[in-house]
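What follows is a single chain, given as structure tokens, in the form predicted on its own.
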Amino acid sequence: MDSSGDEATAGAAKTKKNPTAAAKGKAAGKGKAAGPKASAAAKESSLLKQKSPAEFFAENKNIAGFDNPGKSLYTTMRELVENALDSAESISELPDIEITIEEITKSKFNTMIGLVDRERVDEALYDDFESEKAREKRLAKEARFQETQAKNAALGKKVKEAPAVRGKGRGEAAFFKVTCKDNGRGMPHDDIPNMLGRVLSGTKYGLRQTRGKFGLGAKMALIWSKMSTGLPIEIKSSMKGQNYVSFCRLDIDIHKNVPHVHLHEKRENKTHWHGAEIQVIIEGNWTTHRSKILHYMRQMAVITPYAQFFFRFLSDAADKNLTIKFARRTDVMPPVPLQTKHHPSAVDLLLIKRLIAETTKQNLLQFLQHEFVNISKSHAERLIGEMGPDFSPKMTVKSLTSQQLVRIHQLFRQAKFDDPSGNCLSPAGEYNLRLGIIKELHPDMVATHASSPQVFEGHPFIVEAGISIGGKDVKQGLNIFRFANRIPLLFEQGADVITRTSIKRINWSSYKINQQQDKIGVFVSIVSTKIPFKGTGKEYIGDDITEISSAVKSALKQCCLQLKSKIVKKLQARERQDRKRNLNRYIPDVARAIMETLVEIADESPPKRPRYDKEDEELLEKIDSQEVTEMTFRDCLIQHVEQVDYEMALDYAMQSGVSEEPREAIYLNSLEGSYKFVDFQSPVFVFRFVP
């Protein structure tokens, strides 16, 4: 023991004498062990990595609205419906769209992919396992709740429903087959794989009003299908005049962003159908987003009354099955949105470089004239003169240096240009908006207004607004319906410019509208070549753009003024009815009193000299002979009340400039067959002239 202790002491002494050497030894030993790992990590960190667009959106699916299974089901349905509408409208075909969501049980899904169901062996292994202690606790809680509800029922108090039992885990996955069929343009046979299997490829790119928010459409549904089920998407398509139907089954190589085609063939088109039918199987949650999906369909029926939607939800449980038809109410369609050129004040340096690379014009003068809106030849010459001596109208546009491009960009930002027109926009139209509101809500009264084209940051926009009072399935207070480029916005409503304007900037009471008790429907649709969405999900329009905020407020005020006039007329009519009812209530008593007074006068002995004129004498004689009775006076008083009521109504109509009696809306069915016609449109009617 002593020797070992002495050795230890000696070793410690050596270490103390040369601490630097010991430290170097440790460092050297550590370096030998960590050297290969450190170099490998450094090498890996220095490697340049790339991600395909499909891979990026797969990892950031919440950006495109695929936050969770429920939202993913809603977004998939919405993307397919909007693609179908665009397809039909592009060929001026009245949209007929069928949407089917079929619930697929886990057992059925496993059968589809060839997986055999397996019974649980170790129950405690699963997330939804409930221990005996937890079960006793839950049952005791349910018993206490039922006891409390029984006492409340005995006392006549309101009885609450038992709360749903929720497991602590994620629960069992639910799968759905989503199918959307339309009567639109269809897709060329050879383009189908790239149109649906390659992210950020499509036909909607360019400066125009579009329904899409990301340019993803059904591609994101395909990515979600691959992530949640691994199953491919199926497409049927046929264009007008084709004698075959294209069938394609494909998925996507997410890492390469290329389609992976399983089957692509042509089949016989016996029914001469044209359009597209897309079917995708995804994980979803119908229970949590059922109301959102149905709300979306209802709002889409409001903003597109010229379309017909047939929606079905199918399940093995018969009580969950649902079928709703949103019928077409008109055949008047908005014009197809036109692609437009960029406004000089809205371009950046990168866009100018891209336009120069793509232009077919040779010199600077032609480039400015033809690649931008609102630059005439004379205006272009003035701009070139302002750029400086280094610029000339005939100089080659592709020879411009980086410094010269910066000069052009700076001048574009500072110079004055005419605002772009709204000719490229395609709003729903006051007529369609009014018709959609009436069709879906059946309100007591409705008012609509469409603003003239206005501009923010060089982009034209139009605001259409509608306000309804009353109606079915409308709650008391403000019910706000928001639309951007004719698609409903259902999420993140509180921060939206439409919501904030409706709640904070409109004094409803000054328009005879009770914000708390009346059933108020507020409908605002904004269309533009660029919708200034906020947030990653692009579900609301910010309240920080003064031009849009002012336009929304102005449109809503115009609707309120229309409603105020109608409400005032309605109140006055109610007052007249009340006054008339009160007068009619006293007519029997008044007629009886008059009759009794005149009978007393008639029964008196004749005076020595006449006290009444000839007409009064005749009246007394008629009363004495019972030719005039109490009923005679009643009839005369009733006629007098009717005459006074009519004269007062006529006087009010003359003062308010109303020259006609109110008319009830009449809707005529369109003529059958094909024919040429000219439409004359106004906010409240469309007159169709058929020569």
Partner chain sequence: MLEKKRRAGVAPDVPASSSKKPRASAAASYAESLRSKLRPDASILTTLRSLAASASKSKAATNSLADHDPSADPISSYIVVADQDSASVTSRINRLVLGAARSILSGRGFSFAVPSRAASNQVYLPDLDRIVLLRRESARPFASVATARKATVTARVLSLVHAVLRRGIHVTKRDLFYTDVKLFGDQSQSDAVLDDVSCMLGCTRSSLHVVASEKGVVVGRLVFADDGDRIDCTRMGVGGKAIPPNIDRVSGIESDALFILLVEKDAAFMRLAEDRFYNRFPCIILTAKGQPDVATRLFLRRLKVELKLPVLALVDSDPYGLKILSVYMCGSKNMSYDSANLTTPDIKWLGVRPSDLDKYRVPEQCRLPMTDHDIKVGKELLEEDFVKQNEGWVKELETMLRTRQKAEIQALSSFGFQYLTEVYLPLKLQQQDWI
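Residue numbers count along the first chain shown, from 1. Owing to the predicted nature of the structure, the values given are computational and were not obtained by experimental measurement. Definition used throughout: the rigid core is the maximal C-alpha set that superposes within 1.5 Å between two forms.
The next section is about a form of this same protein that is not shown, the form predicted in complex with the partner chain.
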(Q) I have 587, 616 and 633 flagged as a candidate spot, so tell me whether each of them has a non-hydrogen atom within 4.5 Å of the partner chain in the model of the complex. (A) yes
Q. For residue 63, is any heavy atom within 4.5 Å of the partner chain in the model of the complex, or not?
A. no
Q.
Can you work out whether residue 510 and the partner chain are in contact in the model of the complex, taking contact to mean some heavy atom pair no more than 4.5 Å apart?
A. no
Q. Would residue 597 count as touching the partner chain in the model of the complex under a 4.5 Å heavy atom rule?
A. yes
Q. Using 4.5 Å between non-hydrogen atoms, is residue 146 touching the partner chain in the model of the complex?
A. no
Q) Looking at 579, 295, 530, 379, which is the one with a non-hydrogen atom within 4.5 Å of the partner chain in the model of the complex? A) 579
**Q.** Interface residue in the model of the complex among 336, 601, 261, 545, criterion: non-hydrogen atom within 4.5 angstroms of the partner chain
**A.** 601
Q.
Within 4.5 angstroms, counting heavy atoms, which one of the listed stretches 343 to 351, 287 to 295, 304 to 312, 616 to 624 is next to the partner chain in the model of the complex?
A. 616 to 624
Q.
Checking residue 55 here: with the core superposed, does its CA move 2 Å or more between the shown form and the other one?
A. no
Q) Would you say residue 619 moves between the shown form and the other one, meaning its CA shifts by 2 Å or more once the core is fitted? A) yes
Q | Flag for residue 597, CA shift 2 Å or larger between the shown form and the other one after aligning core | A | yes
